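Below sits a lone chain in structure tokens, taken as the form predicted on its own.
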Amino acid sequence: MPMRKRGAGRLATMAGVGLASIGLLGGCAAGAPQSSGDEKTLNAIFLPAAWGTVVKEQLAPQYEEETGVKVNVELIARDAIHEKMATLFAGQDSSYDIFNLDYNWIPEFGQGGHLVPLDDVIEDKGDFLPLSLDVATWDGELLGIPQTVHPAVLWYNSALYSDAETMAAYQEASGKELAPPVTMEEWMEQVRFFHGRDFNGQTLSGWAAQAAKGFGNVHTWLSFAFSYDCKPFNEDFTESTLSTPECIEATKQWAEMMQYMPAGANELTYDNVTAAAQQGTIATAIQWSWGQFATDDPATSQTVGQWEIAEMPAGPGGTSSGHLAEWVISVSKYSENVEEAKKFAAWLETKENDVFQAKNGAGDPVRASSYDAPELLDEVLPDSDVPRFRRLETTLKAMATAQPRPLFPGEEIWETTLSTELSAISLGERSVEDGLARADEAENRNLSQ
């Protein structure tokens, strides 16, 4: 696991990195919903993913019915949330009380002093997955209540892996039995074998994953990096260390495997990968654990019940570690309803509501107890005996080895800078060594500012 130091004085000049985009959203608070009369109202911003829509359409109305407190939920895209928070916090604006955060923003807004500590509203911290709390903590204070986790895992089409003709062909080609790969070397061998092969009327690509420039390629690359024991920074985030042998080897594996993705690989997003899995045009994938939900939807998927997940294939040192995705619920320091906002944030992640959100497709649970919940484990797909939540056992294992993005206030800039060089590498415009060296130079320049 990378070091996750939280010294308040580290990279102080980076604390306001998100505020650089203030001009992009000037005046956005003017359109914020307002409380009326004596009625207590909370205003919240969530991601328009399933966990945001479940809050808006089901949980917020339930909370109002139970408590009389109305919660207005606005759904906006990821980058827009970051920009809006930066703008509101710069003006110490109280228009919004609650925000849905990508966890890598916690250091940035935490060091800026914009978020309210939430330690006192969680009485049973021991039930939360330790990593989920760790990444929501800055300088010893819990600044976000975990809402959903979904580590990157290996997806494989079980129908393909159990097909007699395919199994025989792989045995003949490799001298090995076909089984989900345990190592990166095995996975590469299988990806080459599957690529261009026909199955169920489809020509397969060996694998797929997010690869679009911006943050998609970084998020996929991180699972390779972590499994190859690559550490992007030194321990106190004062030096970029992307040119180490481990990082170079990880990047070479990632770049070579890009050749076995679907056409237009460098533009692939999460939705593209999900669609390819639903259509049965890929053999394997690196994808968020909870995304299996979409492949089991008979309205959109031709591969219902077929996709299984496994932990990330291990690198040469035996490390298996996927990249962590997680969203948290935070309260603005500038809210005029801090205590009520804290109560709502905590209520959203009670044991009952953690299971409710998972059952309704809103990501994977953040509480350990939810992974044993009969409401999830006993449910099967319609007209089958296939467990709907068959992924949970592997997801829980993956959460014990997953690693987060580098937790420091300049992480968003770090992703953007690295993504540019990874894109150039995958397009063949630069060698792995040259691209990583350029990334190191740019990252170190950012750190020195």
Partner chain sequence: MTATLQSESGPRAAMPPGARRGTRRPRVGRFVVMSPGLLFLAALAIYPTIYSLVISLTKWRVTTGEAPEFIGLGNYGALLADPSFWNSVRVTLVFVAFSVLIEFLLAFGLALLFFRNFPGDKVMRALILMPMLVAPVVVGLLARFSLEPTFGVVNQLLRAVGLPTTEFLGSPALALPTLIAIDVWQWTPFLFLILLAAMQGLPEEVIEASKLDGASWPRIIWHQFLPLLKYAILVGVLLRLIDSFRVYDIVFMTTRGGPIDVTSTMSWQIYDVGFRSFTISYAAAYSWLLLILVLIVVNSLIRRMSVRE
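Residue numbers count along the first chain shown, from 1. All figures in this text were calculated on a predicted structure; none of them were measured in a lab.
Absent from the display: the form predicted together with its partner chain. The rest refers to it.
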property: Stretch in contact in the predicted complex with its partner chain, which is absent here, among 420-428, 385-393, 53-61, 66-74 (heavy atoms within 4.5 Å); result: 420-428
property: C230, G317 and G435 each touching its partner chain in the predicted complex (heavy atom, 4.5 Å); result: no
property: Contact test in the predicted complex: D124 vs its partner chain, heavy atoms, 4.5 Å; result: no
property: 4.5 Å heavy atom contact, A263 to its partner chain in the predicted complex; result: yes
property: Its partner chain contact at K359 in the predicted complex, heavy atom, 4.5 Å; result: no
property: Contact test in the predicted complex: F109 vs its partner chain, heavy atoms, 4.5 Å; result: yes
property: Of R197, R192, R78, K252, the one that lies within 4.5 Å of its partner chain in the predicted complex (heavy atoms); result: R78
property: Residues in 62-86 close to its partner chain in the predicted complex, defined by a heavy atom within 4.5 Å, in order; result: R78, D79, H82, E83, A86
